[in-house]
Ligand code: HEM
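To begin, one chain is listed below as structure tokens, in the form predicted alone.
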């Protein structure tokens, strides 16, 4: 019975990592990428998102609660997982371990990013180009954000591969190989978008 419950919890964890958390990540990176068009371009995009109807409902029930569950259960998985890369140096074993490591790094990064932006906004700060420019003017924070974004895009893309497997979308070895190349492409594309956005604030 306990094993069955864990199976369902892991399926829910996987699903929420893609829908809605993963979709929000893609949307967030796209909005941030408007910074490459200059200050006005980014501020207009950010302002548009702030004016969405039912914004607080969406943030709480579509973003924060699913993200919180995914993070908490993800920590449980990370610290109870048995990594065997020393014994079996296969590619997927490395991806298994890196998924857990990137998950912890991503959690730290996202928590800090939310504190610096969303929580600050709740206390009256304006989330705009100038805010991000000020944050990223510190070399430490610049590297922190770069590492955080790369970790986040990897965690999502590699988690997407696991999602396809656990939900029975890729069941054959060939389909899993194809999925590997697709998710590597997703990782590269999202990383380029995220890194370009960060550098646009510098």
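As the structure is a prediction and not an experimental result, all values here were calculated from the model. Positions refer to the first chain, counted from 1.
The form predicted together with protoporphyrin IX containing FE exists for this protein as well; it is not shown, and the discussion that follows is about that form.
Residue 42 falls outside the set of residues with a heavy atom inside 4.5 Å of protoporphyrin IX containing FE in the predicted bound form. When protoporphyrin IX containing FE is considered in the predicted bound form, residue 152 lines it closely, a heavy atom lying within 4.5 Å. Contact check for residue 36: every heavy atom lies farther than 4.5 Å from protoporphyrin IX containing FE in the predicted bound form. Using a 4.5 Å cutoff between non-hydrogen atoms, residue 27 does not count as a contact of protoporphyrin IX containing FE in the predicted bound form. Of the stretches 44-52, 64-72, 139-147, 171-179, only 64-72 has residues with a heavy atom within 4.5 Å of protoporphyrin IX containing FE in the predicted bound form. Proximity to protoporphyrin IX containing FE in the predicted bound form, defined as a heavy atom within 4.5 Å, singles out one entry of 114, 78, 131, 121, which is 78. Put simply, of 58, 160, 135, 31 only one has a heavy atom within 4.5 Å of protoporphyrin IX containing FE in the predicted bound form, and it is 160. Contacts to protoporphyrin IX containing FE in the predicted bound form (heavy atom within 4.5 Å) from stretch 31-58: none.
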